[in-house]
Structure formats: structure tokens, C-alpha cells
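Next up: a single chain in C-alpha cells, the form predicted alone.
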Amino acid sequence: MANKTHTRLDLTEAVYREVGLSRNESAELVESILGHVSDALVKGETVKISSFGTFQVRQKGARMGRNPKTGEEVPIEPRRVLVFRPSHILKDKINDALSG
């Protein structure tokens, strides 16, 4: 498996090569899309990208945790967490790439 981390710059370059926009326009497009996605998630909305997956913010309640080093019980505050659920198409692509 490759250990490359893809960045905004990589996405911008891909848009530049595939779509043919200028580098500046490609960067603006990537920033705009990521901005729309993050704004929706901040509002608690679900973001579903067909054939890719679903991003959702989930509310987790308060609970008691335990410090693994000392064994001491520690309260964990309620919080919101981001959850990504890949589509079946993306899962199949990943599994096909691993097996083939």
C-alpha cells in the first residue's frame, strides 16, 4: 500500500490537469468545495457524496473513562465527532485494488 498523503495542493493539481482550469481557478474551486462541506458539517448537516461516502456529525454523550496508566476513572465530556461512512462502491474499489 502507498503511504502518500494527499493534500489540497494534490487535489488542486488534479483539477488543473483533468478539468483544464488555471491553477488559481483550480485552487479556488477546491477551497470552495471544502468550505461548503465543512460549513455544512459545522451546522450539523450530513454531507453525502454519491459513489464516495457520507460525512456526518454525531453527538456523543458524557461517560466515565479510565486512565490506562493509572487506572483512575476520568469523566469524559459530551462532544461532537465526525464520522465517515464509505459507500459500497468505494469499499469495492479499495478491496479490488488490494486483491488485484
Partner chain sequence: MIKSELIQRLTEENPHLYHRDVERIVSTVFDEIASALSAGDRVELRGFGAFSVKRRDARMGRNPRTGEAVPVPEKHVPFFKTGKELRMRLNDGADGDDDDED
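Residue numbers count along the first chain shown, from 1. Note that the structure is a prediction, hence the values are computed from the model and not measured.
Not pictured, yet referred to below: the form predicted in complex with its partner chain.
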Query raised in the report: With the partner left out of view, is R23 within 4.5 angstroms of its partner chain in the model of the complex by any non-hydrogen atom?
Result: no
Query - its partner chain contact in the model of the complex: M64, any heavy atom under 4.5 Å - result: no
Query raised in the report: Does T70 make contact with its partner chain in the model of the complex, using a 4.5 Å heavy atom cut-off?
Result: no
Query raised in the report: For 23-38: residues with a non-hydrogen atom within 4.5 angstroms of its partner chain in the model of the complex?
Result: E25, L29, V30, S32, I33, L34, H36, V37, S38
